[in-house]
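Before any questions on binding or motion, here is one chain by itself as structure tokens, the form predicted alone.
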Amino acid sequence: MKTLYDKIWDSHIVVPETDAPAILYIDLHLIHEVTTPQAFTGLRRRGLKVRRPDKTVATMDHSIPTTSRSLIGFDEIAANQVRTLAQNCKDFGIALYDLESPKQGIVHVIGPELGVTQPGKTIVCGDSHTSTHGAFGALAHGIGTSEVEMVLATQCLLQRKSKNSRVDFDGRLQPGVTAKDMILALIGKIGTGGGTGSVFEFMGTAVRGLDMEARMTICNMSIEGGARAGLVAPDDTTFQYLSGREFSPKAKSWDEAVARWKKLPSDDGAHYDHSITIDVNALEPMITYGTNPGMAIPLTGRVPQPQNDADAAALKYMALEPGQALLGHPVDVVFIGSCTNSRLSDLRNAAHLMKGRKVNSSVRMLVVPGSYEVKRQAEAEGLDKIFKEAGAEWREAGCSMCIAMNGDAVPAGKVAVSTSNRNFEGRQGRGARTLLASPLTAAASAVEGRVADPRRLGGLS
């Protein structure tokens, strides 16, 4: 009896693991401008070509401006990264979705959009949130720069097999509670090291009830719980999402692919090394209070007592006290975007809550779609007008304020409610204080000018 992870792993082994790591075949290599320059330099120095340019897809996302698509007058280091990626893709024959492409976007948003993300694949990228693609039943994880070079040169990767961890989300989500709250609840329970050495397989009635975009949110933050990757077994929801996309199989090949994908889910009785269950019936909207995603509490909760010096240092950095309630805590910036929560459903949810309301005068709010296609669809539905009429900034697609290396940053000492995935010190800007939350909680906080419970604003389904 095999798990989903076992099946994908076994079918991609080139050389089995012994005292040395296994050699694993990689089906799809996603690249962007930040983690690739040194890898391409290494290929040139060794006189190597890209082994499978047809299995390599590039885009620009991390360091690009979101105020416009022009690099004129933009940060020269970032502009050079973009130009270097364009030249490398040209030299090595790699498909690139650049700033002028209608298919450009955050790498973990456009992969599923294009249909290059598919069940049963092994997928890597020089970005830790590659785990996003696991929502499709793909084994997807981040790699380092030297590994990027290895995959470019060989289409293979040295890997040791992880343990199997089963995570059951059982029950039914209540209005105002989302997939982001589910994953924050898990990480808050197990900590940032709870999944170390494991691959999470997300199961249960609550997961099966989620659409693909919500499943991507959960898998995106698997890495924040310490896991190597996160997986959701493919089902009809998966197949419906992929059907008809540009790079999805067509005609007879589609039928064959679906038949193959239906064999991927874990067998009854398959062994898991660890298991954990989260009851979502009683789950509330979640928010972080510290400097790692494991420092998460329900919105109605209070900041807990520090358990060690690191916890105490985190509270000092965040200017919070044990026992303090976060509800009502003043907010300076609200960011809706990132590879965690920048898809159309995320923007719809936030826009639905904000319709007819205004961003509080004390708050700066940025709404950044995850791709050009998400932006186009959102504008076709009039979501951009809702945000702009409320007083939010409507931006071009990119990573934006998630990482603060592209001109979008939270000023030192200011508090941001962010839909991104990391709240480390300096992640959103030097001295910035980040509270991670769902798009609904972020939108409610923007309206009230303080941490707010979206359930109190009503109209949620």
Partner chain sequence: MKFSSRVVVVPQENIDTDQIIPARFLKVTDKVGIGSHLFEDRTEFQVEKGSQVLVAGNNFACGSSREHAVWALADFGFKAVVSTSFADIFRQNALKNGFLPIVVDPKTHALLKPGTLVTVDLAAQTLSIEGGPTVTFPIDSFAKTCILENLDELGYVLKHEAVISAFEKSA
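Numbering follows the first chain given and starts at 1. From a predicted model like this one, the values you see are computed outputs, not experimental measurements.
Omitted here: the form predicted together with the partner chain. The next part is about that form.
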With a 4.5 Å heavy atom cut-off to the partner chain in the predicted complex, the contacting stretch among 393 to 401, 419 to 427, 432 to 440, 65 to 73 is 419 to 427
Task: Complete contact of V14, T145 and G193 with the partner chain in the predicted complex (any heavy atom, 4.5 Å) - done: yes
With the partner left out of view, is R44 within 4.5 angstroms of the partner chain in the predicted complex by any non-hydrogen atom? no
Contact between G176 and the partner chain in the predicted complex at 4.5 Å, heavy atoms?
no
request  = Give a yes or no for P37: in the predicted complex, does one of its heavy atoms lie within 4.5 Å of a heavy atom belonging to the partner chain?
outcome  = yes
Is there a heavy atom of P21 lying 4.5 Å or less from a heavy atom of the partner chain in the predicted complex? yes
In the predicted complex, the residue from V258, L158, L320, A86 with a non-hydrogen atom within 4.5 Å of the partner chain is L158
Students should find that, of S128, S248, Q324, Q377, the residue having a non-hydrogen atom no more than 4.5 angstroms from the partner chain in the predicted complex is S128
Applying a 4.5 angstroms cut-off on non-hydrogen atoms, the residues of 237 to 267 near the partner chain in the predicted complex are none
